[in-house]
Each structure stands twice: as structure tokens, then as C-alpha cells.
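Only one chain is shown below, in C-alpha cells, and it's the form predicted alone.
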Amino acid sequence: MLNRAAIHAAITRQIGDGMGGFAVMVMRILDLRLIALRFGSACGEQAEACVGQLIADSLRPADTVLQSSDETFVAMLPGLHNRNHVLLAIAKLAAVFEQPHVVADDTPPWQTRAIIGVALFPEDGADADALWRNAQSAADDAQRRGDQYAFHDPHSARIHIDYHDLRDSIAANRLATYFQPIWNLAQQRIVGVESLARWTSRAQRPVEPEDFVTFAEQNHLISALTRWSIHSTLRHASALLRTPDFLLAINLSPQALSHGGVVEQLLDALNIWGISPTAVVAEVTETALARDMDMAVQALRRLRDRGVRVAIDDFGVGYASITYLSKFPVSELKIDKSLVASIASDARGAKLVESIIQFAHNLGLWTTAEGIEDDATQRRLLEMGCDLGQGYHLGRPEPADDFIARYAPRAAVAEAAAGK
């Protein structure tokens, strides 16, 4: 396996050739690692070699393809002076991964998905390290957004995350759990919370959740982060869930689901903290559903069999379809905030959201609208029959302890009144 030093050396040679502009392309081949896990190391190595050859055959003879890790390849493409030239190469690669391939002996045809990040020399970096980092950052951006590719954008460059800092913070419980309220729109009351993780790095700089969660997924920390999140969330929520029908939404990473064990972790933690599975909503982004449907279906079905509700998060902007919904044990759709944002002023956008709500209700599913930022949007969603809602207009995320201190006394009063 080639290491970072070997890749840096190859990029440095390309710079030294003096042939002008070129592109560094990072390609993450999602789910390639699972072949080795399911069929053995020999099949995994065959699959890596096959995918490397597929990439090389899709590019030009002058292009160089190297393997960086189990699921990551890097290519140097000389003579590409602008993004339009690179887009032609991306289109060829996309066509390759649209079809399943036999990538190893004794395995069925296997379809993977490529996430591509691109950095251009010299505008995106004058040395090998900068080009390599910026191409990886672009791949991070593409993967985070659910896109197939992205070019390096200095304006969206992500904060550097130190592996040891995040690992030690998880182990030492230095992350924080925040709760954001979930409202029943018809009853105009809080009926649950979504649990959100927050982290301040050793440099005392807050790190965006999408950044450190993605980093954890890519650096084998997601299982530890998921374990911390489950226990921290349930520890705080145990003070709230005495209220009948109070919901607790927990985000589950697709990587955690594919690694296995997360179902046992969640069910064991529910038993430890005395919380009923029926109070929990496991949220999975719809882009995650396309990565490994079989394993996700198995894990989520086991949760549903124990009473846990399952929600597709960010619905409407990714890969989910009627086919997916027919296979997944889904109980709820969370409509992405990008669709909700304009419904008060955009008639076509409003019709789209209303259609999603009606579609979900026809399937017997609940709907939650994300990103409710004003009263007009809330009223419009109520008219559409949307069940639940979240957003800054209804309540911002806040430290779990603060939310509990403010909400629990009111809940206790309501519970006492209901018991009379």
C-alpha cells in the first residue's frame, strides 16, 4: 500500500516536470472495504486491484493512478488547465461506476460509488502537501453534501482536526450534548428533542459537527463517537422521558451502522438508563441509504423490531426513492430545510413539500419539517398537515442540562395534572 510520502513524491515529480497546469484527483470508492470484510482479504485485494485498473483504463495513458488506502485512490492528470477539462475525466469515471462489476473471484457483481475531490496546480497549491490536502478537502466537501465531486474551494476550506485531540476528547467525555426541541405543529407544544453533539478542540475553537463527524468516519473513530453520543444522550434524556410519548431523536452514522454493533450498543444503553425503545427515533440521512442498503436494512429492521422508530433525515435532497422506502423499515420522513425554507414565498416549492407530506401520510409515515425559521413557514406547514417541526423559530439547540432545567419542571406539572 502506498503511503503519503510516496504520493507526495509523485506530485512533486509532476510539479518538477515543468509542463504547466495539472490536476490532483482524490477518489474515494465507497464500500470497497466491505468486500474484504465479507469475502476475505484475498478478495479485498483483488477488488482494490480491479478498481485501480478500472480507474486507470478510464483515464489517459499519461495520467498516473496510485492507491492511498483501502478505499482511496489518487490520480495526477497533466495538461489539464481548467475545470472543464477535469469535468471530462470525472464524467468518464462516473460512467464506469454507474454499472456493477465483478471485482473479485467468487463474489457477485459489486457496485460502488466514487466521491471525487480535485485540486488544480498552481492555483490550489504550489507544493505537493498543499495539493494533496486540498484535493482531500474537496472530497470531504463532496461527501458531506452528498455530491459526486467537488473542486477545492478556499472559501469553504475546513478546519484542521487533530486525530489525537478528537480521540482523547471522546475518551475523556469532553464533548457536549445539546438538545433541540421538536414541536407538534397542530398542538403547538414540545413533544421531543433531537440530540446533537458539540465539540471544542484543544485550541478552544468550536468545530462544526459535520466536520468532526465526517473526520471520525474517515479515521476509524466513528464507533467510539457513536458509543459516547448514545450514552451521553440517554443519560441526559432519562430526566425527560417520564413524560408520556416524549420523543428522543438520535442521529446514527451510516459508517457506524455498517461497522456493526451499534444496534446492541443502543439497546444495551436503553436498558441501562431505563428508557423505552418506543421513545427513541433513530435518524439516518437518505444519502447514507445508498451506501450499503443491505447492512442498513438489517440494522434498522432490528431496531424497529424492538420498537425504535426510524426516520430518514434530510429527505428530498439525496438518493431516497419509492424503491428505498419500500425496503427500509421507515416510520418518519424529515423534510430537508432547503426545501422548507422558501415555502412561504415560493408556490412551486410549497407544492413540492405538500406533496412529500401527502406521500408520507399515504404510506402511514409521520413527517417532520426541518429549518422552520419564521411564523409564516410554521403556519404554512400546519395548513399542509405536517406533523412535527424543528427550527430556530421553535427553539435553537442548547446544552442538554439547560434544556432539562427549563423544561423538566413544566413536564412534571403537566404529568401531575394528567394523573389527577
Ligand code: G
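As the structure is a prediction and not an experimental result, all values here were calculated from the model. Numbers for residues come from their place in the sequence shown, where the first is 1.
Missing here is the form predicted together with the ligand; even so, the following discussion is about that form.
The candidate stretches are 41-49, 350-358, 390-398, 65-73, and the one lying within 4.5 Å of the ligand in the predicted complex by heavy atoms is 390-398. Here the marked residues Q180, E283 and G371 all reach the ligand in the predicted complex, each with a heavy atom within 4.5 angstroms. For the candidate set I222, I275, I230, L196, a heavy atom within 4.5 Å of the ligand in the predicted complex is found for exactly one residue, namely L196. Residue D314 is the only one of D140, D124, E332, D314 with a heavy atom lying within 4.5 Å of the ligand in the predicted complex. Contact annotation for R174: none of its heavy atoms lies within 4.5 Å of the ligand in the predicted complex. Within 4.5 Å of any heavy atom of the ligand in the predicted complex lies no heavy atom of S258. The closest non-hydrogen atom of N251 lies within 4.5 Å of the ligand in the predicted complex.
In the predicted complex, the ligand lies within 4.5 Å of some heavy atom of K337.
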